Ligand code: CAO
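A lone chain, given as structure tokens: the form predicted on its own.
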């Protein structure tokens, strides 16, 4: 069975998280991803947050599956010539360098087009054109400048960033879609093009409901927010709303049995209007179904704190999975707060390939996230990340068709690493 992107070759100049997220997805879909790394150093995350000494970190391995690695000194003239040949033989170049870095290397858009008019050049930057376009951006900076932090947390507390990597991995997902779209367009035009995704833009796209609420605020209070029911006035900007649901249905995180000792013994509970009567029956308040203070959603708004307090009395008598089973039987929307330990041990996630166990020659077996996107005719096989420079000779020989004499000359020239580095290997 062929893979969806089989035959597509990616020149991967990415590092850390945002770019590698993008190229790993392309690799999972079958593209041949050639990761270009600095000799002796490689992607900086190889050595970051190491849990096993002198072994590639989980930070690196979990973002670089299914790729090949070539070491190349692009400041070396012979190394630069190899890069030019790679550009001629690849379909897409992906980079998340600091602004202007590719130009300083001598590979402007115009130069790339000279080498390969069909080449797609895809870039991740912190900001788009504007006053901040030259600024460095990291995950939490993107969350703060994209609107996520100002709308996350509780009303009387600090802005908060989320544990989900919506700035880095989120932007990588956006860029991946842009690349696939450009590849599709190329089948009609034959031309390459530039694809860009700014981290600020990616975060804002994921925060669109808050931009929605900002505009609604100009026409009156946001009545699905808890503070409306508490009679607290709204300011000029969308406030932090704690664990309120963003979809217009009141929702809260409630304690379950064992919360005193288990930091994740909680459940998310939504008081959806169509199942209100079922909620009343479950918690033992059948009279609320017709009581004028509770029967209608508008009447419940100023009483949400008391209503959720009563629901929590019930959830605290059940563990989160018992509560979920009872509520799901009645179509009441809810979700247990799952810890990373519980997710790692979830056999159903392993069965679907969402969690995978990968074998590595130096660190042994480890768990990773698999492809979150499932294609019925293009299954994903997750293979380990490459060792630094592991496929250098293979790529030179099989992709660029260099003979052994040329490869030997390149090794001696330092294009693939300094003589000292080669001797160390």
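Positions refer to the first chain, counted from 1. Worth saying up front: this structure is predicted, and the values here are computed from it rather than measured.
Quick note: we don't show the form predicted in complex with the named molecule, though the next part is all about it.
**Student:** Heavy atom within 4.5 Å of the named molecule in the predicted bound form: which of 180, 204, 301, 105?
**Tutor:** When the named molecule is considered in the predicted bound form, the option within 4.5 Å is 105.
**Student:** Are 241, 270 and 296 jointly within 4.5 Å of the named molecule in the predicted bound form, each by at least one heavy atom?
**Tutor:** Heavy-atom distance to the named molecule in the predicted bound form: none of the three under 4.5 Å.
**Student:** Please determine whether residue 72 contacts the named molecule in the predicted bound form, using a 4.5 Å cut-off between heavy atoms.
**Tutor:** Yes, residue 72 lies within 4.5 Å of the named molecule in the predicted bound form.
**Student:** Counting only non-hydrogen atoms and a 4.5 angstroms cut-off, does residue 138 reach the named molecule in the predicted bound form?
**Tutor:** Yes, residue 138 is a contact residue.
**Student:** May I ask you to check whether residue 96 falls inside a 4.5 Å heavy atom distance of the named molecule in the predicted bound form?
**Tutor:** Residue 96: contacts the named molecule in the predicted bound form.
**Student:** Find out whether any non-hydrogen atom of residue 251 is located within 4.5 angstroms of the named molecule in the predicted bound form, and reply yes or no.
**Tutor:** So residue 251 does not count as contacting the named molecule.
**Student:** Among 383-391, 365-373, 37-45, 50-58, which stretch has residues whose heavy atoms lie within 4.5 Å of the named molecule in the predicted bound form?
**Tutor:** The contacting stretch is 37-45.
**Student:** With the partner left out here, which residues of 198-213 have a non-hydrogen atom within 4.5 Å of the named molecule in the predicted bound form?
**Tutor:** The stretch 198-213, when checked against the named molecule in the predicted bound form, contributes only 199 at the 4.5 Å heavy-atom cut-off.
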